[in-house]
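Taking the form predicted on its own, here's one chain by itself in structure tokens.
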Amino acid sequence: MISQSAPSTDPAALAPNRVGLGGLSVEHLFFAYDEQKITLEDISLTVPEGEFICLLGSSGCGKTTLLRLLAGLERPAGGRILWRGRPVRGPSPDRGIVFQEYGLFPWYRLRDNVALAVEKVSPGASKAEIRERAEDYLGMVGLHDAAQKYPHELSGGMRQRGAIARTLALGSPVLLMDEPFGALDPVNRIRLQELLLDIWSASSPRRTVVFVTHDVDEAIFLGDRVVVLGSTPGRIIGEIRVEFLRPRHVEALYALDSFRELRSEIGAYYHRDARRQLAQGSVVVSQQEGI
């Protein structure tokens, strides 16, 4: 794809993302919630350290299931998942996860919610150190002034920023994000997309991010690469490298002809998958009708 023209002249700012070796590796993964229906079929995927990938697909294609497998919250029926060459056998602070539901404890103030994560990774820290670090993470997401508020006193966007701060406090080199902005209004959604990119770009080394979405524009804006899942059963039907330079700006990016071309290219995978499902459905109907 044609690279986006960026306003900055700083060579470091204009450089494409450099990713490291190792990272996440998914090898011939199969998963089924029951023996009658395979949810994910023969998924193989490599995510180098520091890469930001977006998992894109329609509802029911297994995006969230794949993310739960990467987090160690589910066990595969076949194949394996590796992080830095070691098998993933269960949850770990190495892989922090942010769900669409905020998951904040309503009986704790926002700072205390984040402090729980700090305590988990630094059990020997003093209360003052834990409080200070929790406030630092809230500051990263622009919520320092809301530290004493309870979740019910916050807007949806603020609660999601709080959930992100809590996950960042784990210090996880991997961030797994399940449609974290899907329930937000368009303005807050763009603000949090930009905030996420700012935090990711500023981290050294950069975290590895696997971001689930069903929004094509969001996937292109955020990702180094877009991985498209087809459904019934879920499998990878396309991998597209996003070559727009960083930093990216929504207004400038959306105005580019090359952005619209890439959106159409990704959309074509959806259309082909929908036609395949329709054809399969037609075969089933014909058999049922005895044709």
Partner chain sequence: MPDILDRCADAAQTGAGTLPPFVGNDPERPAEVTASLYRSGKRRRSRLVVSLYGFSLFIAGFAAWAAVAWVLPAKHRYLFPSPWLTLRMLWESIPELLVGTGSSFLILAPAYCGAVILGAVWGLLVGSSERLRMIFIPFARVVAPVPPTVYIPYAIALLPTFRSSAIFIVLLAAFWPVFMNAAAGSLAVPEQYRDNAGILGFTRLEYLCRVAFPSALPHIFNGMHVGLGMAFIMLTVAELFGSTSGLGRFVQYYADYADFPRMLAGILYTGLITFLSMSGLGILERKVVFWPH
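Residue numbers count along the first chain shown, from 1. Keep in mind it's a predicted model, so treat the numbers as computed, not measured.
Although not depicted, the form predicted in complex with its partner chain is the subject of the following passage.
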Of G85, G182, G78, G156, the only residue with a heavy atom within 4.5 Å of its partner chain in the model of the complex is G156
Considering non-hydrogen atoms and a 4.5 Å limit, which listed residue (R225, R235, R68, R248) is close to its partner chain in the model of the complex?
R68
How about Y102: is it within 4.5 Å of its partner chain in the model of the complex, going by heavy atoms?
yes
Does its partner chain get within 4.5 angstroms of any non-hydrogen atom of E135 in the model of the complex?
no
Does its partner chain get within 4.5 angstroms of any non-hydrogen atom of P186 in the model of the complex?
yes
I'd like to know if P205 sits close to its partner chain in the model of the complex, meaning any non-hydrogen atom pair within 4.5 angstroms.
no
Taking its partner chain in the model of the complex and a 4.5 Å non-hydrogen atom cutoff, the residues of 84-117 making contact are P91, S92, P93, R95, G96, I97, F99, E101, Y102, G103, L104, F105, P106, W107, Y108, L116, A117
